[in-house]
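Just one chain is shown here, as structure tokens, and it is the form predicted on its own.
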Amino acid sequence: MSAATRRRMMRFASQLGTLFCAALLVSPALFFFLWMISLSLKLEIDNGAYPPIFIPTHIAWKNYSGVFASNNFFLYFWNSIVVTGTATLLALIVGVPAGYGIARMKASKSAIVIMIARMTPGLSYLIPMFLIFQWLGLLGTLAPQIIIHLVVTVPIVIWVMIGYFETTPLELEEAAMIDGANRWQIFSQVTLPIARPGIVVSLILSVIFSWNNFIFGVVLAGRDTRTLPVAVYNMLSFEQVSWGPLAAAALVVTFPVLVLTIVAQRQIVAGLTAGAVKGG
């Protein structure tokens, strides 16, 4: 056996081992996701059967139609779009310039503060923010949800953009400065177009974290200002848990974010690893 053939076999074995490990790690999550799909497509009598039935004998599409018929899901869907969209837009407006300033000033202490804010659970801010919104009379509206979602989205945007701006070449900015451009013109016309992939990543991550947020909506939302995760939670009752409609509602909530994640998975990975290749 030649050395080239042996190297190819070793490379193939390495790729096969990596694929097996990845499948082993992903299989629990994949199994539970497929089981949720199975629950959403089965009748309640099949969902309670023993031994469990994985493949439904009869497709119960009424679970999905019932979600929209018995709950004001379109209103909750619109609330989620308003809260997530506004919080993401404001986070980009604040976070992108902040990330640029921290990266160019090499403010490492500020970056550490942003990292701590990113790692701190949002629940830590909930009680004081609740008291403030109660004092202002904003409870039950969309405004407090948008504001408190910024606690989640702004640190994400700033942290991702710091990594991107630290990898952009300074030579282009120095050339623009020699040509007479001021700092704002350099930022808006030179640096910002280069950092567009980072902005896209920040947007995607902000949408995912904001869309899936549950605890803020439970505490701050009113009957008509609930978001989709809260609407799914409110489908639970003390008398009976209908697993079919509940699983269907959960899939409806998950579907937009799932599609976004699949479409933009490469940008998401690039954004999460951007800080690992910072320039000197």
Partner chain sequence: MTLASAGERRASQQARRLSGSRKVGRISYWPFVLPALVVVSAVVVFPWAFTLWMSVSEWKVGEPYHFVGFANYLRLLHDQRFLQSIGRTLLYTVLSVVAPMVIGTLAALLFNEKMPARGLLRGIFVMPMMATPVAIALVWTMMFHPQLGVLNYLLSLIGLDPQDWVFAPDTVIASLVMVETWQWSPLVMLIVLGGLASLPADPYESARIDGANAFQRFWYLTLPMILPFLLVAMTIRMIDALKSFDIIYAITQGGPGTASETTNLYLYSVAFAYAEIGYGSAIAVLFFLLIVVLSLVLLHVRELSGRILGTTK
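All figures in this text were calculated on a predicted structure; none of them were measured in a lab. Positions refer to the first chain, counted from 1.
Heads up, the form predicted together with the partner chain isn't pictured, but that's what we're talking about next.
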*Proximity of Pro128 to the partner chain in the predicted bound form, heavy atoms at 4.5 Å*: yes
*Closest heavy atom of Leu150 to the partner chain in the predicted bound form, within 4.5 Å or not?*
yes
*Proximity of Pro121 to the partner chain in the predicted bound form, heavy atoms at 4.5 Å*: yes
*Answer with yes or no whether Ile158 is in contact with the partner chain in the predicted bound form, where contact means some heavy atom within 4.5 Å.*
yes
*Sole residue of Val94, Val82, Leu75, Leu138 within 4.5 Å of the partner chain in the predicted bound form, by heavy atom*: Val94
*Can you tell me which bits of 250 to 266 touch the partner chain in the predicted bound form, meaning any heavy atom within 4.5 Å?*
Ala250, Val253, Thr254, Val257, Leu258, Thr261, Ile262, Gln265
